[in-house]
Structure formats: structure tokens, C-alpha cells
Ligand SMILES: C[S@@+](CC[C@H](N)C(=O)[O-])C[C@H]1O[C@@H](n2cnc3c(N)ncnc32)[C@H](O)[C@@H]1O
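Here we start with a single chain on its own, the form predicted alone, put down as C-alpha cells.
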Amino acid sequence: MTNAELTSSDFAAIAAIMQSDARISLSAGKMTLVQSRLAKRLRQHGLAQFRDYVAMVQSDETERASMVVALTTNHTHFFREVHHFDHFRKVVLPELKQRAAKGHPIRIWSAGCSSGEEVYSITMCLLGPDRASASWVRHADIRLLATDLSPPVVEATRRAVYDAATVRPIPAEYRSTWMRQEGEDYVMVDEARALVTAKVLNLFEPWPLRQLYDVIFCRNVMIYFDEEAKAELEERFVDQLAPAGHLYIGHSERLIGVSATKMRSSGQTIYAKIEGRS
């Protein structure tokens, strides 16, 4: 292990990059976390001091991007904050089925998808507890977008392979219908995976999104941003929602700024876009 010391000036330079590139706000209390996460990067590059690593990331765009990924937290699990999925099934799903029956495309976005547990929880809710219940999906134009800043977790979403402990929160009927066991692991079946497109995306860069979304999940992502960044991102999410579309955010998050005037509460950290607002 490296014994390199992360000085306050090194930390300040790293924090400035995180703020500039990902709008992630690192307080001084995160110094130990930064040191432990970046120690591996120093070893990989044969560097003895953090000041040398800081100099590298200030001139090497590839390593700079790798540093941002290394300092991004990816923590999730299937059916996390289960009340969101209860609401999605009971309130939103009937609306989506009605729209699909009229020939409207259905678009859902998992922003900050991590390794895919969230987007596949949504997918299983759409498909239902058995194959018969998924018939409406097979006859509809449904696409789910999963995005994250980190290429490794986006690739994990594409693979959709999870160990036994990870799939434990999935209701048994969903797991038995929409996952297959391969050795000690579980894999989402092709029918579920085919609905999901996973892409790398920095939420503060331009979004290559061609249409409005019926549902956006962005949960426990904005806790890492300052108030200005939160307000900016929330307003963009609201603008990307279709009329009456739903936004799900994390349990400790809230709408602020302009976005709060364009949405109405539909449950605990669940919001619906007020029709006529744009």
C-alpha cells in the first residue's frame, strides 16, 4: 500500500476537478475517503506522492476521467426504497398501459443507474410477475435508458449479471420469471435486457435525448451536489418530462428552485409534472 500523504493543497486541487467535471462537492471531511480511493491509482502509475498524481490529472484527460470515476460512489440494490416501486406499479403503470394502448411510445430513464439494479427493478415491474402479464409490453414501444458517469458500472448494467446476495431483495415471482441462474450467479433474461439501453453520461453535459420521458428515476445522486447544481439538474429533469410525467428522487432529497413550481407531490419523494407547465 502507498503511504503517500494527501495534503490539503492536493485535496483542494482534486476537489476543484470534481466540482468542475462532475459538479460533485467534496468537503474536507472526505479527505480520508479520497486518499484511500486514489491510493490504487498512484500505485498503478508508480507515483510516490499525491502532488505528482495531481500534476498528472491536470494534464492527462484520460486519467482525469478515471479519477472522477474512482471518486464516484455507486451504491444501490434491487427495489431500493420499495415505496417508489409500489407507487410505480399502482399509480404509474396503469397510466403507461393506457398510453401504450393508444399507440404512444413509453420512455423511462434511470439517471445515475449504477450497476443496473434500479433499471431492472423498473423493468420487472413493467413486465409483471409472470410471462402472461408481460403481453402488453411485447406489443408496445417501450424503451428504458440507464445512464451513469462510470463506464465500469454501465458495462455491468449491460451484462446484467448479479450474485445471489444481490438478487435476494427481488420478489420471488419476479426473480424466477425474469432471471436465469448461471452457476452461482443470476442473469436478467434477454426479454428484460432488450428493453434497456445503458450509456455513459455526465448529467451536467448536454443530453442527447430526442424525446420527452414519461418517468425519470434519479435517486440518491443529488446528495453529492451543491444547491446550485441540484437546482440546475432538477430543472433540466422537469423540462425533459412529458406532461404529467413522474420524477422519483432519493429519500433525503427535495425539489428546489424553479422545478418545485412545476411539479406536484405524488407521494414520498415522488413528483408529477403539472400539465401545462414547461
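These numbers come from a predicted model, not from an experiment. For every residue, the number given is its place in the sequence shown, counted from 1.
There is also a form predicted in complex with the named molecule; it is not shown, and the following applies to it.
The named molecule is not drawn, but in the predicted complex it has no heavy atom within 4.5 Å of Val187. In the predicted complex, the named molecule lies farther than 4.5 Å from every heavy atom of Arg41. When contacts are judged by a 4.5 Å heavy atom cut-off, Arg219 counts as touching the named molecule in the predicted complex. Under a 4.5 angstroms non-hydrogen atom cutoff, the named molecule in the predicted complex lacks Arg175 among its neighbouring residues. The stretch that touches the named molecule in the predicted complex, counting heavy atoms within 4.5 Å, is 70-78, out of 122-130, 70-78, 189-197, 96-104.
Of the residues Ala22, Ala15, Ile270, Leu255, just one reaches the named molecule in the predicted complex with a heavy atom at 4.5 Å or closer; this is Ala22.
Though the named molecule is absent from this view, in the predicted complex it lies within 4.5 Å of a heavy atom of just one residue from Gln181, Ser135, Thr166, Asn202, which is Asn202.
For the partner-free chain shown, just Glu118 of 117-133 comes within 4.5 angstroms of the named molecule in the predicted complex, judged by any non-hydrogen atom.
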